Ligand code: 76R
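Take a look at this single chain, the form predicted on its own, given in structure tokens.
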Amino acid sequence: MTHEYVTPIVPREGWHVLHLFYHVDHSQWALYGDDEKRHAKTRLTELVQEIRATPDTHLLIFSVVSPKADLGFMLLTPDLQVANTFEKQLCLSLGPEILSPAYSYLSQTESSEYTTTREQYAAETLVGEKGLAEDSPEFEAALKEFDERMAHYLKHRLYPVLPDWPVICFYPMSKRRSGNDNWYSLDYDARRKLMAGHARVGRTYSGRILQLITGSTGLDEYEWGVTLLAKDTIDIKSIVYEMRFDEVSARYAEFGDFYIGLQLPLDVLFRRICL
């Protein structure tokens, strides 16, 4: 990447996230000679290697399973200047007329305002539910385990390393703001209680679904982007279906389009999208 000097735009915490979806113009690709096709695929391959070698930067590549798009990228990187540069280069990587944008989404990794605090866990769970005395060894051990678990959780939310599980699902969502179903008119305790039920469902899919919620209020059309990684589509179908019975979804959630992709090695990906 050519490094012209511009002021970095790095959030105080977290990374920028771009979901990029493209159509391939096969009629234009067919006009390329064999050498041009080989050079184009080499350019994209070298760009992918450059992006993945950039510090704190991750790039997922996938074939989209529907005519909504052909090729998808998920780019995570701290600096919005870098994200913008790579996004423009990816679009042109196979040639100026080969990839055309089908859909895109900009968001940022973020912690949740409803995450249980140390004080809440101590008072509500350890003392309130388990009846532990605050000066007991059991209380201290449980609190230490909670601190370690939350540190790992927050690191994943803000600075994730995503696995190469084959199935990727992306969709945007917002909380409803209409009449009696206005999420933002609820007080914090009511919202926290509703989100706790949502989180309990999510935890039952540990090891089968890796979920990353990224915030997009003020950045894109919806308020959050949801990325699900899985080894089996039935787990994606099941977690989305089960969560819709939670009041937080049943009353307050609005969803955008769902995109399903398959993570593939680049040589397989090129054949899959008929390049």
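Sequential numbering from 1, following the sequence displayed. What you see is a predicted model, and the numbers here were worked out from it, not measured in a lab.
Omitted here: the form predicted in complex with the ligand. The next part is about that form.
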Region of this chain that lies against the ligand in the model of the complex, out of 239-247, 46-54, 61-69, 30-38 [heavy atom, 4.5 Å]:
239-247
Heavy atom within 4.5 Å of the ligand in the model of the complex: which of 101, 163, 202, 128 fits that? Just give me the one.
202
Have a look at 186, 173, 158, 80 for me and say which one sits with a heavy atom within 4.5 Å of the ligand in the model of the complex.
173
4.5 angstroms heavy atom contact with the ligand in the model of the complex for residue 226:
yes
Since only the chain is shown here, I'm wondering whether residue 122 would be in contact with the ligand in the model of the complex (any heavy atom pair within 4.5 Å).
no
With a cut-off of 4.5 Å between heavy atoms, is residue 219 one of the residues that contacts the ligand in the model of the complex?
no
Is residue 194 a contact residue for the ligand in the model of the complex, using a 4.5 Å heavy atom cut-off?
no
Tell me whether 5, 84 and 108, taken together, all sit within 4.5 Å of the ligand in the model of the complex, counting heavy atoms only.
no
